[in-house]
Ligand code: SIN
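In structure tokens, the next block holds one chain alone, the form predicted alone.
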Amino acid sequence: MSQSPDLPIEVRGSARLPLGMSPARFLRNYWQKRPLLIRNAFPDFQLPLQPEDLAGLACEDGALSRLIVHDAKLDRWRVKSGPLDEAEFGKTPDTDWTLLVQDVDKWDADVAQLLEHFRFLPSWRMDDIMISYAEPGGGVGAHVDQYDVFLLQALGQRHWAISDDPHAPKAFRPDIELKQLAHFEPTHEWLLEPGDMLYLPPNLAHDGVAFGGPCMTISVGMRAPSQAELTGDLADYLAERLSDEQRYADPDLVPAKAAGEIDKATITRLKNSLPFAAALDEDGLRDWFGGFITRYRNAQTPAPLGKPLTEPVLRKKLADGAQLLRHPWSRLAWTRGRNGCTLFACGQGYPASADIATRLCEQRTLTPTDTLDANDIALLLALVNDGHLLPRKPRRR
């Protein structure tokens, strides 16, 4: 997300043009493309909500709030989720803490009135107004948001640092519950005053820290459902409207060449019969269907062994003549993909060779041979430990 040399990253707003330009120009040049700092976006800005009112809202049962305290010396973060108790605020230090309250526009009409300034965006794109109060040093650490956000400075000053480097690492710190970036090198830094506003597109790293005294920032966030959320909801919507009489069908079926294989003809039928299945590549469709069909209508599933076997123990059992009996509730199938074969057992995928996968699918009782290689043994061990194969001594006559 590099900054175009002919497009400024900082402009000055006015009562007539809060964005420092027309909405059409903003949407064309900046929206979901690059950050923009608008100085004086809201001239003579007046607080719609006092800090003590925000604290009171954070104590309400239905409000979504978090109190975040940072121990700067030890670099430890403590997060307390609401509803908060008034006593919590008496325990806060003089610096390095922040209060976040979401959906404030749903609770306060004056805050909701701020949304009128964003009517150039579709109303359904609006999510909520979150307000943060912080003492000096307070913030939530460097992070990225998955949605567009307008950050309006409401009280005091906040230092903002951003990185519009498209190659910057986005790994999170593993030691705290906040999704903070493990590494953050800013490319731009500013100190915002009341009435200034910073626009950030999705996935842009940023860090805001209260500076000098008490600080309030108003965040106008957008709704941006993930592809997973959209697909899941669309699938549910379609499923409710499809007739139960419409079933998977294969009138063109020919004799199976390999037991248990989900072959190319099956994948073609799925693409032709399923809504939006054609959008998946064949490997993705195979992985989904292999997991689905081996779970479908399973009343029970095998339980993993309480004490897993080791490879030497399994090898000894097999050397002593043990057979591997497929658990009666284990349903198996396999596919050939771009990265080799996968055996599916009750929804779980295992790397496998076509030979061993076929044998497992066609034989209820497998008598291993000396031709099994290390990969085959690893597969059998995984299936035994997951409960799909049961080692049994052969019956004596």
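Quick note: we count residues from 1 along the sequence shown, nothing fancier. Predicted model only: the values in this text are computed from it and were never measured.
Same protein, other form: the form predicted in complex with ligand SIN, not shown, and the subject of what follows.
Residue contact check for residue 102: none of its heavy atoms lie within 4.5 Å of ligand SIN in the model of the complex.
Interface membership of residue 324, defined by any non-hydrogen atom within 4.5 Å of ligand SIN in the model of the complex, is ruled out.
At the 4.5 Å threshold, heavy atoms of residue 155 stay clear of ligand SIN in the model of the complex, well away from it. In the model of the complex, none of the heavy atoms of residue 282 sits within 4.5 Å of a heavy atom of ligand SIN. The three residues 143, 206 and 217 all sit with a heavy atom within 4.5 Å of ligand SIN in the model of the complex. Segments offered: 74 to 82, 233 to 241, 297 to 305, 132 to 140. Contacting ligand SIN in the model of the complex at heavy atom distances within 4.5 Å is 132 to 140.
With the partner omitted here, the residue from 151, 192, 262, 222 that has a non-hydrogen atom within 4.5 angstroms of ligand SIN in the model of the complex is 151. Out of the listed residues 199, 160, 97, 184, 160 is the one that sits within 4.5 Å of ligand SIN in the model of the complex by at least one heavy atom.
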